[in-house]
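The chain below stands alone and is given as structure tokens, in the form predicted alone.
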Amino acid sequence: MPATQTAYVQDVLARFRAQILKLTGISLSASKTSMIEQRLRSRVIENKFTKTEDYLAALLSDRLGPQEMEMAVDMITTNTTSFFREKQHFDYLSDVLLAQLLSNRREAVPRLKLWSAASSEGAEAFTLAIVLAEAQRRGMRFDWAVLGTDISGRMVAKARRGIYHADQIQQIEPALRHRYTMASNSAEHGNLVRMVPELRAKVHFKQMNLMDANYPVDDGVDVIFLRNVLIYFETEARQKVVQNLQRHLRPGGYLFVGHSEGMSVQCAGLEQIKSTILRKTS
């Protein structure tokens, strides 16, 4: 796009940003023009356009079809995550919260449900699975399931495979890497690893938009992770998402948010127990 934007370019960009806000809740400022162009470059070329603004105009007029809009949204919103990102959250879950959650349950073998609500390619969901599997190895008696959801169908498909580049798992402690990942035996794929079948069987992924009115997720979830996502939402959308999430939490369940988000998350029925951790009170 030219350094000095024409009225046409400005209008197309403004309408595209408004559409992204409507579809995803993500607010893109005018300063994100270069990011938009960079992320959509492959779609511009694939659709045989020379200018990003002409691709966006065609996209917004529905000339390219709903599947192309889905792909564009995917390109704009997709962010990768890492294993054990903000490790103190997982330490607190392991060292403090699991025992508290289980102490309030009367079943002989209680079942814990955890949800990674913006799971991208699955690293956060599988990190939760490792934490739960390790708690069982320490003798804690419970069953569990982890759900990962994301707006990107492409990321959901990748997460379901549970395959990662070896560089992506370096933040997992060596003993845990040995226990929960499998290296490829193929020379062609020697730099890839896969999560072990025992974890993959208990971690499930589905496509879901946080801006939907209703979430296709069970009630009675014990722990929800939604970190470093709400910062991209405007206030009204942020409140709507948090309200929807808390409806799926079990009373006494916990919502984890990112370190830059804690003070902006307020919702009736949620009390802040730490700067980034909220508990459902009723």
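Here the structure is a predicted model, which means the values were calculated and not measured. Numbering starts at 1 and follows the sequence shown.
The discussion below concerns the form predicted in complex with a small molecule, not included here.
- Using a 4.5 Å cutoff between non-hydrogen atoms, residue 79 counts as a contact of the small molecule in the model of the complex.
- Heavy atoms of residue 227 reach within 4.5 Å of the small molecule in the model of the complex, making it an interface residue.
- Proximity of residue 26 to the small molecule in the model of the complex: non-hydrogen atoms within 4.5 Å are present.
- Proximity of residue 233 to the small molecule in the model of the complex falls within the 4.5 Å heavy atom cutoff.
- This chain is displayed alone, yet in the model of the complex one of 194, 85, 179, 158 has a heavy atom within 4.5 Å of the small molecule; that residue is 85.
- Distance criterion of 4.5 Å from any heavy atom to the small molecule in the model of the complex singles out 208 from the list 135, 208, 145, 97.
- None of 147-155, 99-107, 196-204, 127-135 except one has non-hydrogen atoms within 4.5 angstroms of the small molecule in the model of the complex; the exception is 147-155.
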